[in-house]
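Coming up, as structure tokens: structure 1 and structure 2, two forms of one and the same protein chain.
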Structure 1
Amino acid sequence: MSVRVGAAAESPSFPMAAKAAMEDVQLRQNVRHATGVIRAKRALLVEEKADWQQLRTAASRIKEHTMRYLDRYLVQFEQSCVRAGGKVHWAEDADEANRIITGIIQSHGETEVIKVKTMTSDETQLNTALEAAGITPYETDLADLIVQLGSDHPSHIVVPALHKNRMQIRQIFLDKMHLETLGREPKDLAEAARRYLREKFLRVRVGISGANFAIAENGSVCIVESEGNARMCLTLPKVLISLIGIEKVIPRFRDLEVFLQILARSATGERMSPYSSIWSGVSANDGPSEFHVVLLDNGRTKVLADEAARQTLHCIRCGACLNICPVYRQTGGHAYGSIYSGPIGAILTPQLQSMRHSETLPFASSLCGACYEICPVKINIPEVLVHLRAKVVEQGDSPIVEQLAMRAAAFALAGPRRLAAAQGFARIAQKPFLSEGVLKNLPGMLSGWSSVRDLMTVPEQSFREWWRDRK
């Protein structure tokens, strides 16, 4: 089995990638602006919702319940989907999913597909697999189109091109759409995308989508979007293929009343996204005549097996935790080396990959807790981060110096006499670094710290010494 999350296995460590990203002033400005706008809009709409906390609780309970009985709900979904005229395939990993999808397209003799924004297909690197098989994928979500035409990577799970501003986008469109003129306003750019894609919507005979929700009760799939590109891909082609992570299943249709109320508010700061499409199998005279679902595992069952981290799979990919995260806001999404960035990326990517290749991600957080507070399905991300950090340490993957320091600290803290001795030692050890009454130019692991910060000195008398002498 080869579980893969995009190209995350080949990415540099978070601290290195973050450092590089933060040197890009334009990127930081763009990220700050975009996250600031969504945060402000979200805050207003959540405030007007008097039952917000009750919705969060219900959402979290529904997800918890579904994960507990996921096997039954998956089978129920499969049966209902087949009854409604759909075909259901199961894929254990990225390659298997890509193979199934390529096979379906080739069986129809097609060489082009139109795609709705789907993170799951980025996870399996479906586009690369399709191209290798001689099939051209067209991304149709505006941001994904910008990313695809610019040979770039998504940097946000809801607004994948938020790191680009209008001038950068305009240049990509001018170059790649072979346009002679193009206005400078966002509406001119949107118009260019409309014209570029319209012909493809009407011509291409296979559509590919992900899913926001898959309903076990009746086999329906739900996709929430803004632009109408998803509606195009879901209704106009002859064949529709939906690649769905197994955690996207929810028990019943009525559960949408919870998720539809929290998703748009959290994701884009709207009461409801402009379009939600919900369909079940195939319908006579309306939409595709053939519908396939590919249910993808790719590491999810492993996450499910770890009870302390299982809540990671409750995520509805709203992106609120990215927008509020003080780390994400400094670095943008690319530093996470994965299509899943921000706090959710920091816990999801390492788990899907069985804690290989991304050991620095669980540490890419100050544990400030803003993500937990904002998450509409109440995922306790800091708790999961701490749990994953322990796994990294258990695997022996933490830096040797750190291991030594932590063991030494544990030794010193094991009793008051040892602690007092360590305090005395620190007073002496700090001497070489003393300058202007503070510590500067610290060695080793602390050098990064002291490059922009001074450290207070260890005072001559500890509290316990003062207390002892006081009485």
Structure 2
Amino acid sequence: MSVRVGAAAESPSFPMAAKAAMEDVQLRQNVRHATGVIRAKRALLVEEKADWQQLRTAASRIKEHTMRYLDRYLVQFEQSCVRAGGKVHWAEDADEANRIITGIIQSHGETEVIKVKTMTSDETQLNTALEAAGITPYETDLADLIVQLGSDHPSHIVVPALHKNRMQIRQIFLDKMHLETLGREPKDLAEAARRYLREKFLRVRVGISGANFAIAENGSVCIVESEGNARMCLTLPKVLISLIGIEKVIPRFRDLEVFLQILARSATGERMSPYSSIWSGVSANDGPSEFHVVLLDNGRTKVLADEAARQTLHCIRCGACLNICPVYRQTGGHAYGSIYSGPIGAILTPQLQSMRHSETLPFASSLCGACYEICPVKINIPEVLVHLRAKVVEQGDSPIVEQLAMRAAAFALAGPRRLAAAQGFARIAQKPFLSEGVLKNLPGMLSGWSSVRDLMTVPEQSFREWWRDRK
């Protein structure tokens, strides 16, 4: 089975990618500014909800229940969707999902598609597969359009072009839309995108969407967004294909009452998303005449089988954990090497890939716990990170130097005499690197510490020695 998560398999390790990102001053400034704005807006709107913690608890319990009985709800969704006139396909992995979607498009003789933001299609690298089959995809979400035209990769779950500032976006539009002039204000950029996309909305006959929620009770699919492009993609094409991860299913229509209150506040700092589109199957003379759902596994059932990490699948893709994470705010999303970045990406990507290609991601965290506190569905990300770190060690995927260092530490910490001997050795070994009371220019892997922070020296007297002399 071929499991794919964006470009993770071809990307450098997180430490290498993060080091390069840290040197990009403009990127760091863009990321810090954008995440800061979203956090401030979210904080104000969460504060006005007296029942915010109760909503978090309710959302967590709905997700926990759904994951426990996921097989039942998936079958119920399929039956309800088919009853409403839709067609349901099951895809075990990325390649199968791409084949199904490409086949549907080709069966209608079409060579173009319009897309409304769907991270699952980025996960399967659907655009690449479509282009290889001679089909041109057009992203219609503004941020995704910026990323596509700039031949770039998304850097945020909710705001994919968060790493670009206004002037960088303007230059992309001038170059790729072949414009002679373009204003510098946000409204000018939005107008240019509107003119570019409107012709495609009216002409292209196949639309591809993702889903925020798929409702088992009645087979409905729900998308929430802020621009109105989803409404155009969902209603104007003759054929609509929705690629949906199996974890997006929720049991009942009334469950939306909980999720629609927490999603917009956590994602974009809004009380409710301006556009909430919900559709079921097909209707005569209204919207698409043909509706397909592709339910994607791509490693999710393996995550489901791991009881300690199953809560990863509760994620509603709000991006709040990215905006609060001190690591993400310094490195941006590209360093994670996957469509899923930030704290949630650090636990989701390694699991979807069975710990291949992304062994360093569980270590891309300070375990400060901020992501857990801000998560609207109470995913204990630090707990899962520790669980995955243990897996990396058990599989022997950690660097050999690190393994030897841990063994040496275990030996030294096994008894007070060994620890005292190790401290005595360290006092002697540190002398060549002493400078102004701190350690600098340490050799090898240790240089990662001394190059970016003041590393304190090993004191001349340990606490045990001080206590012994005091007595």
Partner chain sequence: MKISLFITCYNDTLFPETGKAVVHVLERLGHSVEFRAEQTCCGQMHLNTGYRKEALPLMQRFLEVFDDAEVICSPSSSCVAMIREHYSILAEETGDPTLRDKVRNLLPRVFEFTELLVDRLGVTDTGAFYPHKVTYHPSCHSMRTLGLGDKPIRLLKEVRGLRYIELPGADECCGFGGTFSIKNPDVSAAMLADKMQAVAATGAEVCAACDNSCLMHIYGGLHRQRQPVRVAHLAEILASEERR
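Just so you know, these numbers come straight off a predicted model, no measurement behind them. Sequence positions of structure 1, starting at 1, serve as the residue numbers. Whichever C-alpha set is largest while still superposing within 1.5 Å between the two forms counts as the rigid core.
> Would you indicate whether the form predicted in complex with the partner chain is structure 1 or structure 2?
Looking at both, the form predicted in complex with the partner chain is number 1.
> Does Val452 show a Cα shift reaching 2 Å between structure 1 and structure 2 after rigid-core superposition?
Superposed on the core, Val452 moves its C-alpha 2 Å or more between structure 1 and structure 2.
> Using the core for the fit, does the CA position of Gln29 change by 2 Å or more between structure 1 and structure 2?
Comparing forms between structure 1 and structure 2, the Gln29 CA shifts below 2 Å.
> C-alpha of Ala408: shift of 2 angstroms or more between structure 1 and structure 2, rigid core aligned?
It does shift by 2 Å or more.
> If the rigid core is lined up, how many Å does the C-alpha atom of Phe463 shift between structure 1 and structure 2?
The shift comes out to 3.4 Å.
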